[in-house]
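In structure tokens, the next block holds one chain alone, the form predicted on its own.
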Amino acid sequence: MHKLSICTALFSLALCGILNAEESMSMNAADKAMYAEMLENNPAAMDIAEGEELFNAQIGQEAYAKMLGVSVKDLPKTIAGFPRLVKAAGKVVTLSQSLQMAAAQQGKAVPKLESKEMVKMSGYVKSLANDLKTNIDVKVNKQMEEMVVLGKHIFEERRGGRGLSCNSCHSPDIIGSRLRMQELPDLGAPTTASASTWHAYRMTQSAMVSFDKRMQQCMKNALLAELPLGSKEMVALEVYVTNKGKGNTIQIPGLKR
């Protein structure tokens, strides 16, 4: 334990050095110009359009609304509340997991959570809630209450060889600093809240990425074991982080460096 504490302290000192990098270490002028252009013409718009075709071919709004136990009219508001308890599943699930359920009910092939097909389809479905505010309710039932508690634990738990947690880069005293030339975001702020800005097109990857996949990428970068997509732990983490940004306006697809 003593050895780990020393290692953690040394890493923290190194991290602070990186975080104090000059503003000039951020995006260069060409990258900023490209970012401004992509704000007007987000490449992920094509993925959203493909997702619409996939969704309509495999499920459709009427079948999806019926599976969720709501009217088609109420779909956007319901979508804005994910992750949520879905009675047909008997547990709290993500939007992507609910689409897997709906596809299975329609007798269609169930896309894997990590598949490009699912990223596109779930991106489109989430975009149906664009301009609405995220309305996740972590007190609506016992299952949600338990998941937000578990999610908080996972967010703050130090893991891996570096002894880091999600909170190590997203605590109030670190937000706004820079790591690898990128500003560490406030996960609850209007323009950077994860729940309302992911799915997003990542310029560094030239692809649209879902929120849970982005969290996996963060874990990999921090040398943490990646929580499996769809696992209780990953769903709980998404519940907790989504709740941090509750009330922010959904705009899908987002645009990230």
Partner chain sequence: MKTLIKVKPKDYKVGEIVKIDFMAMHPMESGMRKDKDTGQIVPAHFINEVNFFFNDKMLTKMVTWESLSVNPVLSISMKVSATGTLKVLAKDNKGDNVESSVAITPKG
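Keep in mind the model is a prediction, meaning the values are calculated, not measured. Residue numbers count along the first chain shown, from 1.
Not on display, but discussed next: the form predicted together with the partner chain.
In the predicted bound form, the one of A45, A57, A63, V70 near the partner chain [non-hydrogen atom within 4.5 angstroms]: Contact with the partner chain in the predicted bound form is made by A45 alone.
In the predicted bound form, does every one of S115, Y124 and D212 come within 4.5 Å of the partner chain, counting any heavy atom? No, the whole trio is out of contact, none within 4.5 Å by any heavy atom.
Contact between E52 and the partner chain in the predicted bound form at 4.5 Å, heavy atoms? Outside the cut-off, so no.
For the stretch 201-233, I need every residue with any heavy atom inside 4.5 Å of the partner chain in the predicted bound form, listed N to C. Those in contact are Y201, S206.
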